[in-house]
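What follows is a single chain, given as structure tokens, in the form predicted alone.
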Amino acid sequence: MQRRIYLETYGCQMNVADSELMLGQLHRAGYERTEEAADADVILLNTCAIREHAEQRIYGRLGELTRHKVRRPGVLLGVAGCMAQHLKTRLLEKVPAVDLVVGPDGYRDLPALLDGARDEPTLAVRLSRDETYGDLAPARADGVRAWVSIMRGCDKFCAFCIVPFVRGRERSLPLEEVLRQVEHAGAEGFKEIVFLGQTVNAYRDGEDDFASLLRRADAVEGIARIRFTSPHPSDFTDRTLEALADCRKVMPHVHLPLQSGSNRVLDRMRRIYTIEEYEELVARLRAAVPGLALSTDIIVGFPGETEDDFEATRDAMRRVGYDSAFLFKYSPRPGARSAEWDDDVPDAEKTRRITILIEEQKQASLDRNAAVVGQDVEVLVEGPSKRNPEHWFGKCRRFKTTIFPRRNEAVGDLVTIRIAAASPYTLFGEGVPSSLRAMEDATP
């Protein structure tokens, strides 16, 4: 009888890609995916250890899912991903109902690990310097966008981050394996490829670097768009900038994490660049790709951040001019270097600072989006709008969500839309009534 797997995914796009990898392995072993935990023979959580309160959320969710084992004792409950790697045996000790704990480098053996877990709780958290899963085919979800992990792990050891400890050291997939995945995704009908890596632009396979990969992928038929996330500011080379300028399928959007605009804080974060070097890179990127959209990550309230440091971040954000930004209040991650330091910025002060940045970035995003009004943009249709099924939504080339009335388009089509209005979060095509714009844009 075919066994059924229920899989929940938490965290970043890399975890989404890992879930597709796991599903591919399990499908080949005879498992069928189910959307209901109550119907599953195996319940698996693919976890993230980066987000605030991630550990408490996972423990809470495991407590909820334990009821399925009570009702059906044969059900297996497993935890995969970064939290599994981080907590290891503590998961088995704190939640006795857990049968399997498997880290990010154990997915190749997942079917066998599940078989073993039927007899006794199983722990598989050995990190590998070699595992890339480059030869394994993922089971991708339907849609227009395919996630392709081109490297695993990280060598940067930023003070606030535990990724090198839960995903291991940096290693890249062979170039030909990446291209095989791109070609396969194109043959399956995916229009957009997103290359993933913790420091994606550090990719290297022998003499081939990230620029080589972009140029080779740009020539793959069937693929209309190429994106990547997240690059590290210190890993952009002249060759990569030239590839961004030359490759027509590589979209004019770069997510470039800054984290702080203060050199003193950047040094404590171990970010290995200065604000001057970062802004010089921004200038080079914009010279190479006219009209480039830029987004970023900012951490507010890092240990030791003074008012002057915060003001330096505000100033840097104004100078750079981001299209959007992900803004976070610092919270210590056990295992990260900064977790050993005094978290000396009061939470109320963190809230004050991040509120200021949110409001300023909201206005900056509105200004940059308003500049697009009256222009024609190319949109990749992703599906019906959640707010109103009579509208389509998709991303334009600069990765801005765009809403427009449905006509005779289909999911996966590239269409040209005249922008009639904009909000901080969304572009609206002609024909979207003003009363519906507010509804569509109610949630960023």
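One rule holds for the numbers: they count along the sequence shown, beginning at 1. Just so it is clear, the structure is predicted and the values come from calculations on it, not from any experiment.
We do not show the form predicted in complex with a small molecule, though everything after this point is about it.
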| property | result |
| --- | --- |
| Segment that reaches the small molecule in the predicted complex - one of 323-331, 132-140, 96-104, 187-195, heavy atoms within 4.5 Å | 323-331 |
| Option touching the small molecule, based on a heavy atom within 4.5 Å in the predicted complex, out of 365, 259, 240, 229 | 259 |
| Option touching the small molecule, based on a heavy atom within 4.5 Å in the predicted complex, out of 50, 37, 380, 26 | 50 |
| Heavy atom of residue 109 within 4.5 Å of the small molecule in the predicted complex | no |
| Close approach of residue 151 to the small molecule in the predicted complex, 4.5 Å, heavy atom | no |
| Close approach of residue 278 to the small molecule in the predicted complex, 4.5 Å, heavy atom | no |
| Residue 213 within 4.5 Å of the small molecule in the predicted complex, heavy atoms | no |
